[in-house]
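This document opens with one chain alone, in structure tokens, the form predicted alone.
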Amino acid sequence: MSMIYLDNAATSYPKPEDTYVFMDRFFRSHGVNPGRSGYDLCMEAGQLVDDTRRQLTRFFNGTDPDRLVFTYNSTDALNLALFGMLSPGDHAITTTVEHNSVLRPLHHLSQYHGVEVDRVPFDGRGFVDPGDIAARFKPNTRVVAMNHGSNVIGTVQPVAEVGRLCRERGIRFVVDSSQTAGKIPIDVQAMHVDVLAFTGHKSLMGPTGIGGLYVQPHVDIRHTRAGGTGVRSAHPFHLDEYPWRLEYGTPNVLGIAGLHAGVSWLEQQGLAAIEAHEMRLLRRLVEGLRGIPNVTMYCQDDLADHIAVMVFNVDGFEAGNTGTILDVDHNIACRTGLHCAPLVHAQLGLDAIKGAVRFGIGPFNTDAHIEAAIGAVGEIAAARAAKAR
């Protein structure tokens, strides 16, 4: 039996065939260092990098492609943004929905750099109230950093409203779109997003090792690194101009090529069609698991404003054991534990039982995959109940 892959919240798999083919063809024909020399091959590789900047700027409804900078992933991007925007004496606000890509940089800033950090909890449905964030605003609040879509409970946060409140107060709004970019539309203008962090290897259908930031023209992020840019090499300081301001050394041109192909595939398919497919499968999955005795789901009562990510537990059974059985006995790949988002699990009381089992649905999952997952969880729950008797 072939593997059923339900770990798309960790990374999308498989990628579109277009991604594999384009990466292979481009690297064989243009695998040189872009922007460093004037020969044709180098210029053509640089053209792809520039084309991808423009493509992603359009994708997020940005205005200046030079403000689209490439990083290793969203964690790298968020570190650049947060360490480059916050200073001793500043106040930052985040939420308990966050991934460690936000939590840990802010913790380091609070412990070692004199930044005060507030963490706003989510409600019983899994959403953060914009009013609760605004209630934490202080005269020295400089940044609100917020997850667009939870990698645990799948809730899509009201970022447009939070962004509006931040814009009214002149507070910079940093959004982590790791789970939503490529699943649902993101408009940095309409959502009042000042800095958008994204990763390429999830729903943007690119490879690992590539991500980035879109930085609005009215925002500046100070240097925290320095190195080669291929531009103005005699200058002793790292360049202030974007995109070089936040890019250092040789770019991941192969990753950029894969990201370009992945986003092109998304644009051909249409985000609305992909979202409809994934959410239909999620509704069937939640419906099926809800009918199994001794299975508990979290924040899945109403699937409005959700992405196709969910967590559950078989009562009385550690998540890791459930995941092992799904893998070994049913050939279903999933993720168990705390999912690099410990405050979500702590607020739900799951930290004491070592987290939960996560299913993440992608565009290549099928009805048969979902039915197999429901059946497998049903068998595990029945076996656990029989053993408990």
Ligand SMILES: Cc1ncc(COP(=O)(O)O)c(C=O)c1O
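For every residue, the number given is its place in the sequence shown, counted from 1. Everything quoted here is computed from the prediction, not taken from an experiment.
The same protein has a further form, the form predicted in complex with the named molecule, not shown here; the description that follows concerns it.
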query	finding
Interface segment, criterion being heavy atoms within 4.5 Å of the named molecule in the predicted complex, picked from 227-235, 93-101, 293-301, 160-168	93-101
Selected contact from 252, 141, 73, 264, since only one has a non-hydrogen atom within 4.5 angstroms of the named molecule in the predicted complex	73
Residue 203 within 4.5 Å of the named molecule in the predicted complex, heavy atoms	no
is_contact(residue 155, the named molecule) in the predicted complex, heavy atom dist at most 4.5 Å	no
Partner contact for residue 182 in the predicted complex: the named molecule, 4.5 angstroms, heavy atom	no
Residue 149 within 4.5 Å of the named molecule in the predicted complex, heavy atoms	yes
Contacts with the named molecule in the predicted complex, stretch 5-27 (heavy atom within 4.5 Å)	9
